[in-house]
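This document starts with one chain, in the form predicted alone, laid out as structure tokens.
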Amino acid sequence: MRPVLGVLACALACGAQDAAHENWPAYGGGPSAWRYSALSQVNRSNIRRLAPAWVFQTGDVLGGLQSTPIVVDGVMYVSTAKNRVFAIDAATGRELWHYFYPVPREFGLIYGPWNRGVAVADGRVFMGTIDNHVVALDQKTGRELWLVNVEDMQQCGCNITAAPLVAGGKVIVGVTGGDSAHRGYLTAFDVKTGRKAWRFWTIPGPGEPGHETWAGDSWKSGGGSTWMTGSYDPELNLVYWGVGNAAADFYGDARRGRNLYTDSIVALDAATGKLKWYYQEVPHDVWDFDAAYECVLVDLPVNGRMRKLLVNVNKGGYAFVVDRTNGEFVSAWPVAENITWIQGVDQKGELVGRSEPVPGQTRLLCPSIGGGRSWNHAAFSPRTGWFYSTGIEWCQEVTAQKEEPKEGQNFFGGVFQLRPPLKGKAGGHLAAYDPVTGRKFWSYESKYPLLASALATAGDLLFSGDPEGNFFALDAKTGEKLWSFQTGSGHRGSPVAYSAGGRQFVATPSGWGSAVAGLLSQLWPETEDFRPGSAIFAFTLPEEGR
């Protein structure tokens, strides 16, 4: 375990705003994306008494329920795959209002439909949509306040699936498109008016620094999607965002170069969207190993000196740790055991021993396109000082092939087929790590990949869910399973903790679905029969158990 003084120093340095308390106000729990709740009414001593308090059915089962509920002042806000938004009494599960976005009949997307959550700020609820719009709703009534189009959906083949991020009076949204012929970006809008404030292109255009890393016109259709939610450091006034893979996914001959800023962490000025620094984890990605997942901001000692760090787990199964003030590489370590696309990462952050797909040949590579970890969010606990992340053991046969880009259309540059791992059984695990060194303290094994986010609490509990429908709690210090509840459908979303009426609740989305969930049947045929669903389950202690 990290020394107690180091943990206390982190808790003091990072600030209480990063740990969710009575509310769960943001996608990651707070601006630093810890997915940690400071509530401890539910803890290791009484977790076995945790019982269902209410269930809310959304009625929207297509694509599953991948959302993160937001809870502010006793009201829960949750979105569904088809852009339905519900405001729910967080103590009782009673619906207060709902908003159904008018989904186009023919949206023709390769992504979705699904939606991973809303943002709540300044009396408004913000959501990105299937057809690439951003909508602002009145927080009390659900009335539409403004609606803006980000980019033509039919042209770009993209949409917004992630929860927006509110930072510095702006609502910031990313975009899908990493597997289509498209050029990625981030866009910020004024929270009150919806007026566009800035846009950052993840692939530099002519005359911009980094444009030289793209051969010919490949930059125009190079991917670089920003399909998950970023983080924010209000002290530095920097927004941090992970950027997805370069396109075509497996064929890179037409885009020779490092392909900036794909597979990078970018730090942007929240006021202007100007690039302050970047760190590229996977130069010239030919595996579809996004760095688009969450950016967890922690202040921890490195070689005896406290530093402001950022931890990002990428799709290739590696966690990268950088200094969030300047992008300097600190360390990298794996969350999966079956990794063959590289031999490792050296002390300077360079990839060692790249094994790339060869056009026209079939090559076995690990992990699979589903990732050494999927997008489901890790958690950080200041009590233990540990970082909790899932990992997946599976491989694939890849055949790269030349493909001409067609704007907004699929642009994989190859085909793939899942295969069992080279060592051990195919499946998943949830483990506790030192966030700087990657030292593993314990691991909880799962028959299937774990595709739901983790939630750490001050009760020294770690919550998550599995594809079979089990919502469970582990001892955060030992990994021992302490409690489980069957919700009836698999877990693909993100649990949260909050307080209402003086009682702590733990709530989880239940509803199996998503593109990665659809891949599982290649290795586990029985998963084709896993039940769909779309419900929020809220749990609390009985009065006598508090």
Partner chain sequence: MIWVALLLAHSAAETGSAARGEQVFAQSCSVGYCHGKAGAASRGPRLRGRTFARSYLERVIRDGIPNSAMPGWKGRLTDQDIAAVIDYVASLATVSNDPPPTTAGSAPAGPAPAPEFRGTAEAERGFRLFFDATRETRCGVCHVSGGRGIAIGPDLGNLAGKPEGEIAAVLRSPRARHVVTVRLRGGETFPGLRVSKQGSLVKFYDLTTPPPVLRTVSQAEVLSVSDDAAWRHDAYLAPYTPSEIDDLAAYLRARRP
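Numbering follows the first chain given and starts at 1. Nothing here was measured: the structure is a model prediction, and the numbers come from that model.
The protein also exists as the form predicted together with its partner chain; that form is not presented, and the subsequent description refers to it.
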Does the trio D152, G194 and I369 actually contact its partner chain in the model of the complex, every residue with a heavy atom within 4.5 Å?
yes
Among G59, G488, G518, P52, which has any heavy atom within 4.5 Å of its partner chain in the model of the complex?
G518
Note which of A271, L364, L236, L147 lies within 4.5 Å of its partner chain in the model of the complex, where distance is taken over heavy atoms; exactly one does.
L147
Among 213-221, 350-358, 332-340, 272-280, the stretch whose residues bring a heavy atom within 4.5 Å of its partner chain in the model of the complex is 213-221
Is V103 a contact residue for its partner chain in the model of the complex, using a 4.5 Å heavy atom cut-off?
yes
Can T437 be called a contact residue for its partner chain in the model of the complex at 4.5 Å between heavy atoms?
no
Partner contact for G317 in the model of the complex: its partner chain, 4.5 angstroms, heavy atom:
no
Close approach of S514 to its partner chain in the model of the complex, 4.5 Å, heavy atom
yes
Across 454-493, the residues having a non-hydrogen atom within 4.5 Å of its partner chain in the model of the complex turn out to be none
